[in-house]
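This document opens with one chain alone, in structure tokens, the form predicted alone.
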Amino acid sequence: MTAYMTDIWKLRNFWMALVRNDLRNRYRRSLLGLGWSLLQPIAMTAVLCLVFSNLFDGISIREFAPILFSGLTFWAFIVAAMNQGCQSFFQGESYIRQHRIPLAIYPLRTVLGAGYHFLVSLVVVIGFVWIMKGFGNVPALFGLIPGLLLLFVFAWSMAICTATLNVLFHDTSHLLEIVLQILFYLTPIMYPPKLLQEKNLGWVLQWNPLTTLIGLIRQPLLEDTLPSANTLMASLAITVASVLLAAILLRWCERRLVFHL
């Protein structure tokens, strides 16, 4: 594993150039440019706040909007990493056929692109939360750093898994869309976790690893506390499990994957 990661680092100029090219091509001749990546969660937050505040009594926009905006930003990163990761080996097929380099570089390329948009969106979320409710404990925001590192490694690992499976089984991308749609409603994106716990549905949260991972973002932002020890340890365990799964898949089929492209 150490040697593999060292090889990836030695090729950093290559995959960083790929990421820069992807970003340039995405926003070439675009009027809003990076603003398009921010428009979707902002628009969804505004629409859902408007609808829910009229449908349900007792909803405080000041409390609900930060929960929704932070959840949608987190979800957009996870979905982008996994969906785009599905196509990463096909996207880099010409390089794969010409050069024998670590295949994990190509999912890394997509996750770095998604991570760039996620960080920009997160800055907007921090400003939005500050406007809506303020920060009672500003140093707690530094708790976002370990959470973001764990989220990045988890997303990279899952992108490797989906990319590998999609090469071997081309229906993976279609199945993933269905799975992510189901997980969207099983993950506390549009509602606080306590809502399911009050309805005796806490087991849904316990079996959903994304519930733990979203806590890495929401606890420093919305609760003014560092991520709890339980959240950090559970997130670390989830991340390690995803890394092991990605490593096993790559070790099993990396050398023959080119024949399936």
Partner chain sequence: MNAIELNDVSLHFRVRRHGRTSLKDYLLHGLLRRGESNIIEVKALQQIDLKVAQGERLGILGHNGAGKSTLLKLLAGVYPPTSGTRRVTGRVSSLFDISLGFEHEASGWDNIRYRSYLQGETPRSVDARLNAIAEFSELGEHLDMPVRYYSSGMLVRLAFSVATAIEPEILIIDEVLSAGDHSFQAKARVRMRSLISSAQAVVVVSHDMDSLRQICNRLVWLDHGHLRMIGEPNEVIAAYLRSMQGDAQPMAA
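Since the structure is predicted, the reported quantities are computational estimates derived from the model, not experimental observations. Numbering follows the first chain given and starts at 1.
Keep in mind the form predicted in complex with its partner chain is missing from the figure; the text below concerns it.
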Quiz prompt | its partner chain in the predicted bound form: contacting segment from 125-133, 182-190, 166-174, 141-149, heavy atom within 4.5 Å | solution = 166-174
Self-check item: Listed residue (V120, V153, V79, I96) with a non-hydrogen atom within 4.5 angstroms of its partner chain in the predicted bound form
Solution: I96
Exercise. Using heavy atoms and a 4.5 Å cut-off, decide whether F14, I101 and F259 all contact its partner chain in the predicted bound form.
Key: yes
Quiz item: Any of the heavy atoms of A246 lying within 4.5 Å of its partner chain in the predicted bound form?
Solution: no
Quiz item: Would L18 count as a contact of its partner chain in the predicted bound form, using a 4.5 angstroms cut-off between non-hydrogen atoms?
Solution: yes
Quiz prompt | Contact of Y116 with its partner chain in the predicted bound form (heavy atom, 4.5 Å) | solution = no
Exercise. With heavy atoms only and a cut-off of 4.5 Å, decide whether R251 touches its partner chain in the predicted bound form.
Key: no
Quiz item: Going through 109-145 from first to last, which residues have a non-hydrogen atom within 4.5 Å of its partner chain in the predicted bound form?
Solution: R109
